[in-house]
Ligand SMILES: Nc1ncnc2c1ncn2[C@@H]1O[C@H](COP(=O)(O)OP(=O)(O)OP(=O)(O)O)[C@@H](O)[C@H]1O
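A lone chain, given as structure tokens: the form predicted on its own.
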């Protein structure tokens, strides 16, 4: 469990990006963090990772205060995939990059080799183990970063806009991997502007607005707000929700697949 209490932060003294931010992340959640540009979505996750220090407030992991814990220690339970994942890679091969975490924990050579083999297989990049990370496609670099987090046995994985700049095939493959990892018990936080992903994949949405948490609840509760309320948050309804709410008696549909199934069932009934 990761708990945030009364977080306040600003890059410029006396100018807050946000304040009074409170939320608790429970194990096994799949959470979207959204909101307008500049609202502090990425900053929140940088605070969780220890890459920034809060002006005020505390953070706790499983009851232990981690507010002053360095990023290197937090990396043992929180994995982070940057929007530009090549910025977090510095070793000559994919296998060496993924091995860095368990090596830094003092694991034996045999254990490191086993861990690397296991996580590369799990994320589907065993064939890239000898590749030079900067030469990989963005989606492949993301998988290297995810593998690095899994190699540390992180219980929480944070991804910053992971589908931006990717084609439909890459996005579909990444989401399939995240669903698999979530089903295996990994807690996932996704910073995203993609309303379709927020609705279809996530169990919870935390929306930043008005310099604090403006909404915290299920995607269904979020996307059944009025259009004006969503506009104020910098959001729009995904097409599946917009269409499903326009059909009498159909009910909320979180994805186009669900919409098609319900429409077919309605027609057949």
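Nothing here was measured: the structure is a model prediction, and the numbers come from that model. Residue numbers count along the first chain shown, from 1.
As for the form predicted in complex with this ligand, it is not shown, yet the points below apply to it.
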Legend entry - Sole residue of 182, 74, 129, 193 within 4.5 Å of this ligand in the predicted bound form, by heavy atom: 193
Legend entry - is_contact(residue 38, this ligand) in the predicted bound form, heavy atom dist at most 4.5 Å: yes
Legend entry - residue 25, heavy atom within 4.5 angstroms of this ligand in the predicted bound form: no
Legend entry - is_contact(residue 17, this ligand) in the predicted bound form, heavy atom dist at most 4.5 Å: yes
Inset, instruction - Considering only heavy atoms, tell me if residue 103 and this ligand come within 4.5 Å of each other in the predicted bound form. - result: no
Legend entry - Which of 229-237, 198-206, 59-67, 40-48 sits within 4.5 Å of this ligand in the predicted bound form, heavy atom basis: 40-48
Inset, instruction - Enumerate the residues of 139-175 that have a non-hydrogen atom within 4.5 Å of this ligand in the predicted bound form, in sequence order, or give none. - result: 161
